[in-house]
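Below sits a lone chain in structure tokens, taken as the form predicted on its own.
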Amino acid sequence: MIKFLNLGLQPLANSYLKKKNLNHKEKKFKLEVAFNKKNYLVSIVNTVPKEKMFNNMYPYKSSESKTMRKSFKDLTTKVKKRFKPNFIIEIGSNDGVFMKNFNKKNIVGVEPCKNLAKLTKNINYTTYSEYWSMKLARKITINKKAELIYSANTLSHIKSLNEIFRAINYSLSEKGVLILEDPSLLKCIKNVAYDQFYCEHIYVFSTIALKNILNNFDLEIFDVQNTTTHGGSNRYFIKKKINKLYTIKKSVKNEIKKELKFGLNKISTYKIFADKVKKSKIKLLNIFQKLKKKKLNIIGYGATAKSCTVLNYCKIGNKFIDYFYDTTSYKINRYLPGSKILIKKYKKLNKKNIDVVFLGAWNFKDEIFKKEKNFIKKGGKFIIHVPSPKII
């Protein structure tokens, strides 16, 4: 493993603070990112125990985003038409935004965050509030194997890739399909989106790395689709090697070709990326300093885990940003970890008391700009840091 990026001491990205705990010392970890030159995997070096991240107070709910609801709904339609699955396992079912599109008899959810698992249990969807493991895989598939396993933005959170894919191989029927969706490393590096790295994102997958890993478990990618979610993701369609029902599509070869051409197999690419990240930090901080000299009112929009990485790395706190707006009920009236910026319940942006908005949820830019068109029309500005810090 070769370290290439140091994002400093970071708090747990989703550990939002109550007012009474503001003066308590926060637990932080050194956020370093490394490259494995043998299998091309990119991962954070110091991991945090899963129990500290995924528990009964997990704040993120997929269904609270219009973009994500549409993405899951569109995928469901395609899945039903293409694969016609009768038994589905979803690993990381969150608040059930994907599950709810299927008959309750045909799908099982795995969601270790008890507060989220409760939401689907309450409407009679079978949901295991446990961490994905070989033991759980045996329990779920005791009577029949899965024809489809789906996991979005979850497998990259689990440290043991060996445990993940052994359990998936065991659970999947011979003709079954695994659909894996996660942020694209190629997009991350191209866009200088260093905020894809935080405590939960142990890995950011490339196709070349995933191909090498899957090979160890007799699994292979047979199709890849690029999606716009989370700032650019890949949707991988994976099968057992013995499954001859699906031929490997050109999309796989094309994606690998793109990644190799960009240099995702070379440490030099990541060193260039690290240099761009340092420059991005300086540029973003300069923007905030200039705006504050003009005594402009700056707020944040979207108190995300991603924004946590940016704010703490760039040392941007409540001296620069007055407060954040967010729609997630759990976050309201709490404070962002590390930067200690207050989070308020979302209201439509008003040019009368807000001059500039830092876009923490930059990956939902299009959705947000549609919602805030009146603010923009009246001269309201946004700060965005991807791919390069600027005011728009």
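Heads up: residue numbers just count along the shown sequence, starting at 1. None of these values were measured; they are calculated from a predicted model.
The next section is about a form of this same protein that is not shown, the form predicted in complex with a small molecule.
J.: Which one of these stretches, 300 to 308, 124 to 132, 268 to 276, 105 to 113, sits within 4.5 Å of the small molecule in the predicted bound form when only heavy atoms are counted?
T.: Flagged stretch: 300 to 308.
J.: Which residue among 230, 145, 211, 100 has a heavy atom within 4.5 angstroms of the small molecule in the predicted bound form?
T.: Spelling it out, the residue with a heavy atom inside the cut-off is 230.
J.: Heavy atom within 4.5 Å of the small molecule in the predicted bound form: which of 368, 376, 17, 383 fits that? Just give me the one.
T.: Only one option qualifies, and that one is 368.
J.: Would residue 60 count as touching the small molecule in the predicted bound form under a 4.5 Å heavy atom rule?
T.: Yes - in the predicted bound form, heavy atoms of residue 60 and the small molecule come within 4.5 Å of each other.
J.: So, in the predicted bound form, is residue 64 in contact with the small molecule at a 4.5 angstroms heavy atom limit?
T.: Because a heavy atom of residue 64 falls inside 4.5 Å of the small molecule in the predicted bound form, the answer is yes.
J.: Even though the small molecule is not shown here, does residue 198 get within 4.5 Å of it in the predicted bound form, heavy atoms only?
T.: Taking the distances in the predicted bound form, the answer for residue 198 is yes, it comes within 4.5 Å of the small molecule.
J.: So, residue 335 and the small molecule: in the predicted bound form, are they within 4.5 Å at any heavy atom pair?
T.: No, residue 335 is distant from the partner.
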